[in-house]
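One chain comes next, on its own, written as structure tokens: the form predicted alone.
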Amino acid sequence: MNLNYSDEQQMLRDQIQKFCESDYSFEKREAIIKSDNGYDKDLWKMFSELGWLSVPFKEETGGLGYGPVELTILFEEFGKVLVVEPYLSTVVISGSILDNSNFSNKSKLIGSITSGEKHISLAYIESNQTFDHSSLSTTAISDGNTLIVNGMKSLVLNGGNADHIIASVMLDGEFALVLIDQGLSGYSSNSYPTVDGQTCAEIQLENVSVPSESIIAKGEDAINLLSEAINLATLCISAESIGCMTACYLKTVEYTKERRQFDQPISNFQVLQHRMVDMFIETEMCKSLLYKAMLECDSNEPTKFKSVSGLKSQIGTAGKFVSQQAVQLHGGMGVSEELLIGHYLKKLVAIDSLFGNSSHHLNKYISS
């Protein structure tokens, strides 16, 4: 098995690394987080011009025809500098649902995503739910050529900036995915920041009327589209976690070489060396699981869901361990807002809860 990246994939990695090093400083990220939108519109336009927003889409819908391998490359590099732009919500999750569907208007919507003009978010989580999102209280009732939608969705990633949402509903007793425009009567959203620098929203739908042509899929097709999108998104945030862990390890090694105690760098102390070796081992273990899951998703193997669950379970425990060790080895500075180390910890804790925590995916792995 060849685990080396192709020349094209390596060029993509080099391009993203160059952007992260030159155009996404810690100060720049802090300014973006404090802005009204929670992302930089100019950078988002740059993502479009560089072709990054087109990466996972099929060529027939205007994309570059790449897949999970290229997405993991992108997200691993994003994780190293904690990019907060809403790539996951708009391109990976919503984009993959549209791209793999038979929705009549998908080419136009995907074109608006790849051009950077519009954001689309998936609204599938409801309060008092477990990680099983097939049991819904949001309903859509057919009324001639329209649907009347009622319900509330929670934790909608980038929901405050979304021009459209893809909402999961029970349509006349059947699971369905429906496209809803942000400006419709009865549609309201409450946006808020999350601990890791992202933005989420709660969206209330009160007698929202949408045309029946807004149905993206229903029944088993809708369930499969949602499952595939969440699985791909889980793979992506796992790659992002590995980027975070790699940066934690490297920054900690660098810091311990500079920090002096008893007239020598603290990196000379064997007990601290052991901790950093443990950080490295945990990160490399996760990388191995990532490669396995990434290749299975790329070739659409039937075991891809199990491999992604195994990866996500290990990421949940290893991510917290690596970031906690990094914070402790940095001392009090590790939890200050002025250093990235504490922000890595917040990000890895948040990722553990996203799309199912470590315990949930361990149970999925065992039962599959």
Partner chain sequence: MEISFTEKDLQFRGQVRSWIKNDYPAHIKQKQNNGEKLSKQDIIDFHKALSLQGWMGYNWPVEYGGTGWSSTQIYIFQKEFGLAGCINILPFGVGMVGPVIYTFGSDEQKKRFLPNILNFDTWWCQGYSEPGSGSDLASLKTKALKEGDHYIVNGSKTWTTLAQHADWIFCLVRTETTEKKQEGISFILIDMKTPGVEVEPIITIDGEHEVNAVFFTDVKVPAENLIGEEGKGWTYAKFLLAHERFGIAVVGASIRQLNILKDIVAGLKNPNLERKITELEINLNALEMLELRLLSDLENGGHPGAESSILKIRGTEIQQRLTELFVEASGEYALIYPGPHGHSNNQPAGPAHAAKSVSKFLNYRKASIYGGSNEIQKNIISKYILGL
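Note that the coordinates shown come from a computational prediction; the quantities given were computed from them, not determined experimentally. Positions refer to the first chain, counted from 1.
There is another form of the same protein, the form predicted in complex with the partner chain; it is not shown, and what comes next is about it.
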For the chain seen here without its partner, which of 338 to 346, 60 to 68, 40 to 48, 299 to 307 has a heavy atom within 4.5 Å of the partner chain in the predicted complex?
338 to 346
Interface membership of residue 155, the partner chain in the predicted complex, 4.5 Å heavy atom rule
yes
Going by a heavy atom distance of 4.5 Å, is residue 281 a contact of the partner chain in the predicted complex?
no
Is it the case that residue 108, even though its partner is missing from this view, gets within 4.5 Å of the partner chain in the predicted complex, heavy atoms only?
no
Tell me, yes or no, whether residue 134 is in contact with the partner chain in the predicted complex, where a contact means a heavy atom of each within 4.5 Å.
no
Candidate spot 31, 54 and 204, all three in 4.5 Å heavy atom range of the partner chain in the predicted complex?
no
In the predicted complex, the residue from 251, 259, 118, 292 that sits within 4.5 Å of the partner chain by heavy atoms:
259
Ok, 285, 277, 195, 184: which has a heavy atom sitting within 4.5 Å of the partner chain in the predicted complex?
195
Given a 4.5 Å distance limit between heavy atoms, list every residue of 98 to 119 close to the partner chain in the predicted complex, or none if there are none.
none
